[in-house]
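Before any questions on binding or motion, here is one chain by itself as structure tokens, the form predicted on its own.
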Amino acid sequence: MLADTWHLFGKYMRITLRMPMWTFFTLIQPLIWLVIFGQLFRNMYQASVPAGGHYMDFLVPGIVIMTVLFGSAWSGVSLLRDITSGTVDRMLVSPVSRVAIVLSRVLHSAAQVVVQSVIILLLAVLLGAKISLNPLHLGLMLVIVMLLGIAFASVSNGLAILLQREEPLVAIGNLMTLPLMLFSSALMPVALMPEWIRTVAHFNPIDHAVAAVRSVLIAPMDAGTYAIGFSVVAVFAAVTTGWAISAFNSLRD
């Protein structure tokens, strides 16, 4: 299973390297949000949280997680196209591991969003964001990015298997991504949220991921917040990956 996952992962990575523009194309929306929201909410943030530093520093972890969400939420589209074209059927009659068929796609999507997140971080620094560039802190951030990428790529692939159509998959993807971002502290501090949104955010894995990334990128590091965020995202990734594999096994049956 591990060998099959590695070979299929390498295949998908080679395909991506032959079409690098797609990787950069998915960065457009996070970049727009980074620039526009960095200006739009800056004065309100600094007036409401005078001791909270610059809004750009606060915003960057949220944009990093947004990049992960938007980059991995469409992973199922390529699986759906392979199902429609008969590629998956041909793989099912081969000796390749069934788990590897799903896991390789999920890891490929997660690797893509790791690269995209690093690019966003570098651009944010060029735009003036003052964040920690400590290698340990950056490594801890990438762990959260990888786990969250695995989680939402698994959700997307699982939905693709269940829905078997691209239109509802795209509709659910659109319905899922924006509310998850808005019901989190990605754009605004928890203190500025209405009480009911704070309650919803408490159960939102995106909010915990943003808090974990923010805890290592904005000094001083908050190990407790990171540990909670890591635990939530790791459990979320494990559950969604297991569900996606189970859904694929049901397709085989």
Partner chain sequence: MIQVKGLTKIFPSGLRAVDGLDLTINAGEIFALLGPNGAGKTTTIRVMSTISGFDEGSVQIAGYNVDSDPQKVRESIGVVAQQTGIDYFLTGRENLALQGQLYRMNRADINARIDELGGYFELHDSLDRLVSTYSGGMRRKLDIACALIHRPRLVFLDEPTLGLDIKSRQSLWRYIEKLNREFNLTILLTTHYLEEADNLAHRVAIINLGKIQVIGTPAELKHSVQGDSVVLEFAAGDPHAGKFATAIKQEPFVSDVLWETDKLHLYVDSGAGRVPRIMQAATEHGTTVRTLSLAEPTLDDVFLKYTGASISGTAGETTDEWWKQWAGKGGGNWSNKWQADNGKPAEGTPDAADWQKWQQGDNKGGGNASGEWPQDRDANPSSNAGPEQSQDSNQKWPSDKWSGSDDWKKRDKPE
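Positions refer to the first chain, counted from 1. Keep in mind the model is a prediction, meaning the values are calculated, not measured.
This next part talks about the form predicted together with the partner chain, which is not shown.
Heavy atoms within 4.5 Å of the partner chain in the predicted complex are found in exactly one of 148 to 156, 84 to 92, 176 to 184, 119 to 127, that being 84 to 92. The closest heavy atom approach of R98 to the partner chain in the predicted complex falls within 4.5 Å. At a distance threshold of 4.5 angstroms between non-hydrogen atoms, I15 is in contact with the partner chain in the predicted complex. A residue is said to contact a partner when one of its heavy atoms sits within 4.5 Å of a partner heavy atom; V235 fails this definition for the partner chain in the predicted complex, lying far away.
Among heavy atoms of M19, some come within 4.5 Å of the partner chain in the predicted complex.
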